[in-house]
Structures are given as C-alpha cells and as structure tokens.
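In structure tokens, the next block holds one chain alone, the form predicted alone.
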Amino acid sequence: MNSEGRIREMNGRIDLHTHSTISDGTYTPAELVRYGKKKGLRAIALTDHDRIDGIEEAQMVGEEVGVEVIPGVELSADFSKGAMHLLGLFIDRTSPSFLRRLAVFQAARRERNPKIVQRLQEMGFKITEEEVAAAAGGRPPGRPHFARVLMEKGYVHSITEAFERYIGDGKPAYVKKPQPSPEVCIALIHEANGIAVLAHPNTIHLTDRKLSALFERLVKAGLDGVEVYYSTHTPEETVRYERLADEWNLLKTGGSDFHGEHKPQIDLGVGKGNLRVSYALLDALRERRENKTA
C-alpha cells in the first residue's frame, strides 16, 4: 500500500453516495447502515433520489452501531447530453421549501411510470403497473423495479440488460421526466443548507474543453464539489476530475452509488473492488458547510 493508501486507511473509509429502498435500492435505511458497519465504514451518506424519508431511520441506527450518517439527496438535472445528477450533502431535511420542491419531483416520477408501462406493452411485453408496484414492495416504483419485473418474466437475464436494452436513458421504453436546470438544483440544495456536488461526471460524456466550460457554468451557480472517486471512473477519469476540482477550487468527494441487488456489481464502500474514499474528504466538506452557515 502506498503512502496515500495508508493515510486513507488511518482516517477511516466512507461512502458518500448510497441508495435505500426509499428510492431504488434494495436495502432498507437500517440495513444499509448496518451493512456499512459490517464493511468497516466510518461514515455513509444516504442520497436517495428526490427523497429524504429514510434519513431519520438511518441516523438512529447509525448512532446505535457507530456509523456516522450524513443526510443527503440526489437530484436529476436537465442537461442535453448524458445524465447529470447533483448530490446534496449535509442537507437540512426539515427545510419547508426544500420538502415542497421534492414533492414536485416525486410526482413527476409517479406520472412517468404509466408511460413506461405503455411503451413496454407496445413493444409486446406483458407487464402491468400493478406488477411494478408489487416489485417496489410498497415504495414508490422506479426503473429498477421495471427491470426486476422484466427479469422475473424472462424478458431479460439481468437488471443491467433491462436498462441497456429497454429502459435506460435513450432506450426504446425510456420516458424522460421533467427536470430542473443544474442551477435550480444547486440553489435548492443551498436552500436546505447543503453542499452541492456534481455526481459521477463520467455520465455526462463531454470532451475536456466542453467539460471545463460546464464546470465554469456550475461554479458560477455555486457548485461546491465534484464526485472524483466513483465506482465506474477509470484511473484516467479520476485524474481528470482531480485536476478539474483543483482548477476550480472544488471539494472532492467519493461514493459507490450502492443500490444493493439492483446493481450487484457495485458493493458498498468499495464499488467494483478498488474504491477507497478517505474520511479526510468528509472533514473538508463539513468545514465548508460550517463556513457557509456561520
């Protein structure tokens, strides 16, 4: 292990991008935290899509087992190329204006589900809204639940295949929901006293020149950080995002984007096996948040 690796291990490992059954993960918030303890994590951030319902449960269990739980959320932003997501870390989950806007986003997710069902039916798949709701187990259905039904019916062999062939972005049964601009997402996170982080920049698919221009735009809007360390970033991409973070004076974060069985190749805290995120990054995030709210 090199010196950087030793420093990270000494500080303790963290995971600042995780999902639970509150959105599209397969672990409940309590199970997620206990799994984090089993994996030796010192802290995790619960960042469900458009929802913060699981944070209280996660924090209660975190206090019991000795895992720090950072309140978070993941928002989808409107962007013409690729997929852009913003993480909000250290959010105030009691902010009335933030809660009202999240309710609008949740409604948009619900409204697109019948449209996805219709497209799949038009393609010849025998699938109903009731089956997707049953797969969600009483939680708001999302695309992973469509994927699970398709897999259980034998139309695909895996959840990954369902996304790659049918319901992923730009695929035949994909339905885009209304999304706010990146600037609005950043403003909403700041309204809730959170730290705004650009998630997995490798999903945006921009050249170096265009990505640098995007960073300039987001920094002007108040972006605080970038998810440099991520499960599917190549070593070259990680170096690229480290350089951009330094160039634009952005905080560096990292996370696995753990979804449990919905992304079986991604494990909590380690991603595909080589992800290591230092607690020192969390200290820097906390300091920035304290300075912003002072």
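Numbering starts at 1 and runs along the sequence shown. Remember, predicted model here, so these are calculated numbers, not experimental data.
Although not depicted, the form predicted together with ligand AMP is the subject of the following passage.
Point to revise | Contact assignment for ligand AMP in the model of the complex, among 105, 215, 98, 163, heavy atom within 4.5 Å | key: By the 4.5 Å heavy-atom cutoff, the listed residue in contact is 163.
Check your understanding: Using a 4.5 Å cut on heavy atoms, which of 71, 201, 180, 142 is close to ligand AMP in the model of the complex?
Key -> Among 71, 201, 180, 142, a heavy atom within 4.5 Å of ligand AMP in the model of the complex occurs only for 142.
Practice item. Just one of 37 to 45, 232 to 240, 54 to 62, 257 to 265 has residues with a heavy atom within 4.5 Å of ligand AMP in the model of the complex, so point it out. Key: Going through the listed ranges, the match is 257 to 265.
**Study point:** Residues 190, 224 and 288 all lining ligand AMP in the model of the complex, heavy atom within 4.5 Å
**Key:** Looking in the model of the complex, the three residues 190, 224 and 288 all stay beyond 4.5 Å of ligand AMP (heavy atoms).
Check your understanding: Should residue 115 be counted as a contact of ligand AMP in the model of the complex, where contact means heavy atoms within 4.5 Å?
Key -> Looking in the model of the complex, residue contacts with ligand AMP do not include residue 115, since no heavy atom lies within 4.5 Å.
Practice item. Indicate whether residue 252 is a 4.5 Å heavy atom neighbour of ligand AMP in the model of the complex. Key: No, residue 252 sits far enough from ligand AMP in the model of the complex that none of its heavy atoms falls within 4.5 Å.
Check your understanding: Any of the heavy atoms of residue 109 lying within 4.5 Å of ligand AMP in the model of the complex?
Key -> Residue-level check for residue 109: yes, a contact with ligand AMP.
Practice item. Could you list the residues in 40 to 62 that come within 4.5 Å of ligand AMP in the model of the complex, counting only heavy atoms and keeping sequence order? Key: Heavy-atom contacts within 4.5 Å come from 49 alone.
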